[in-house]
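Shown here is one chain on its own, the form predicted alone, set out as structure tokens.
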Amino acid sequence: MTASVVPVSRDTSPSRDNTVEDPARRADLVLDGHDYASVTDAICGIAERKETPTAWKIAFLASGGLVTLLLLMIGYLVFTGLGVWGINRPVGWGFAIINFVFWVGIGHAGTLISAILFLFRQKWRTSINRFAEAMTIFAVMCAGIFPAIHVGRVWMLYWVFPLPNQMGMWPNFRSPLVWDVFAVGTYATVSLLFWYMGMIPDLASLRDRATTKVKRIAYGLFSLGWRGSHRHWHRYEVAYLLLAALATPLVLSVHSVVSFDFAVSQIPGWHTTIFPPYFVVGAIFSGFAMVLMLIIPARKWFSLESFVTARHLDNIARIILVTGSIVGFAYSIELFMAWYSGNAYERFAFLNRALGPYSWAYWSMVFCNVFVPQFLWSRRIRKNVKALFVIAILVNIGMWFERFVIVTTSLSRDFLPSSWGHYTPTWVDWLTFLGTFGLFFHLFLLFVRWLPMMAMAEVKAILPEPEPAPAARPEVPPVPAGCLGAVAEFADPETFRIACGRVREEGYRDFDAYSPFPVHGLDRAMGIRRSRLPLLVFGGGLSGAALGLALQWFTNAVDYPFIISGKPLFGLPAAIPVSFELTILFAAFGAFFGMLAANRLPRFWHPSFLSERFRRVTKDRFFVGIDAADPRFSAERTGPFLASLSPLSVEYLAEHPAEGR
């Protein structure tokens, strides 16, 4: 296959003026006058480096060493037993559950930035959402390690899943520990789908710029044949919006369910209704602090100050200040309710936290989570990158101490002094926890080295549109044999929009528009109907809810009727968490796989790929293509018509006989 083209020489550089519709709110999101091409060059250039930076190699080796340490500690635990940990009676939950809750909290900010800020149309999220999404997935992977190894006999872990087994029994679906499996599993899956779907257009950019066969194949496979078609963008935006809408309640549910591990018990200091909102806010608090810890070094090492600006850091600092204040308020409410309740055990539990053997951890928590964030009231502090980095570290230290205080103080001293004990983590506890940091940073380093660390398509969408280029009429090349269609290339969205409208007015129906980001206003011009994806998502959600209810009814009331404290075999309130998680999970599957099916992806070959110039569609160019199968297509008439739309070039796509296609 070959493509013939006659380009037109023209100055088509986009405007360097970085003002947009609302300069006061959006002018400082991307600095240094970046345009569509320079955004692609800057971000893709990080993954395209031929020489890996020495600092990256050192960090990768160090984190790899910690991963090896983690594997050794897990192996030692499996072969020796849980006695290598510091857990005892009554402190049966130690570092494993403390670190599980800590890592789940770290993963909360990713979905918040990507989903909730997207729904509120906060444009400042575009430069940092990819960081946060990756952080979410890696943090949840670290979190999942601890419950798995905490069961002791790891080879029996499949018992916690709703699978028939040789014991003839099912998990207890009325237990919040089982709810955790569904909540965290659903959160990890939906976050992975959200992250990957957002990367598909950017992976196509790396594919089209690849200089080696290995990279071209790898990026080509994972980009699924994405070619920037507006019909694809239309369904993509619908699916992305639906995933964001599904992920928003999921953010609230995951850490609420985690808090139920504590709140549904009868242990002093745990049995409180404030835990669900308290845990959710604390997770957002620590998650945004981790975003700062990652993004501040990355913007310096990879020269991303133009994209992660002072405004981005200021907004993150404001959120940390607000959530930190709410966390401090929750601490005071806990103390007040312990006093106001008149319950002697609750009063003692909170006095023990502040004045008992773990008071050092309690006051470290208060200092890091309540006192330190108050410095962010100062605008000067919020503009000081080093100060923000130190505050972010202290916040995460404080949030780890919070989980430590919650778990150990309540378990070590409960109702009976005769059963009190003291918990001291062992060297295995500490090294296992340290190893999860190695895993987290190891995965993050791989991400920033080989994948687009920023959402290029979203960053381009908030840039000011360049001025339309002066009208010109390029020469039309001769019609080749075996013509498959014709494409016209444009440099700016406005001329591109007008051209799409003119093509449809001319009577063409079998045509498409291609762009590096979704250009709004083309649906009506191209005659694109509303997507049916919402119906598919709704059907998926109903299927998940029905499956969740049926599974719990069958296992609890039919196959394994087990009476617990006189409770009914099947009750709707206890069935809601699992049913809710499966509803979100199946609806997310409907959005993601429905988008791929509607766009007929993956499709690794398309006639438009015959054009060498078409590769710039994922960088900074806009194309209109008319298929030769269109009834109005005429080799003699279609080319001159496209040339009359003021494109940069017009070309015919043709089949080369030598290739035998």
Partner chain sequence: MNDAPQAPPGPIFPRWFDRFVKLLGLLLAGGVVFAVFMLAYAGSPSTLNVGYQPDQPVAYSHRLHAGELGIDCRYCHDGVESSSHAAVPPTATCMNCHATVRTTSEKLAPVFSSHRTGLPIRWVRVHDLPDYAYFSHEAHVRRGVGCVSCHGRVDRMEVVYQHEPLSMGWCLDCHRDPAPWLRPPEAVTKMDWMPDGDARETGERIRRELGVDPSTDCSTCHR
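What you see is a predicted model; the values in this text were computed from it and never measured. Numbering follows the first chain given and starts at 1. For the two forms, the rigid core is made up of the largest set of C-alpha atoms that agree within 1.5 Å on superposition.
Form predicted together with the partner chain: not shown, discussed below.
Contact annotation: residue 559 falls within 4.5 Å of the partner chain in the predicted complex, judged by heavy atom distances. Using a 4.5 angstroms threshold between heavy atoms, residue 603 counts as touching the partner chain in the predicted complex.
With a 4.5 Å cutoff on heavy atoms, residue 565 does not count as touching the partner chain in the predicted complex; it lies far away. The partner chain in the predicted complex comes within 4.5 Å of no heavy atom belonging to residue 32. The putative spot formed by 125, 292 and 299 is not touched by the partner chain in the predicted complex; no residue has a non-hydrogen atom within 4.5 angstroms of it. Contact with the partner chain in the predicted complex, judged by any heavy atom within 4.5 Å, is made by just one of 413, 234, 207, 403: 207. The listed set 438, 220, 162, 147 contains one residue whose heavy atoms approach the partner chain in the predicted complex to within 4.5 Å, identified as 220. Contact annotation: the partner chain lies within 4.5 Å of heavy atoms from the stretch 162 to 170 in the predicted complex, the single such stretch among 525 to 533, 185 to 193, 162 to 170, 271 to 279. Of all the residues from 608 to 623, those having a non-hydrogen atom no more than 4.5 Å from the partner chain in the predicted complex are 609, 610, 612, 615, 616. Once the rigid core is overlaid between the shown form and the other one, residue 565 counts among the residues whose Cα shifts by 2 Å or more.
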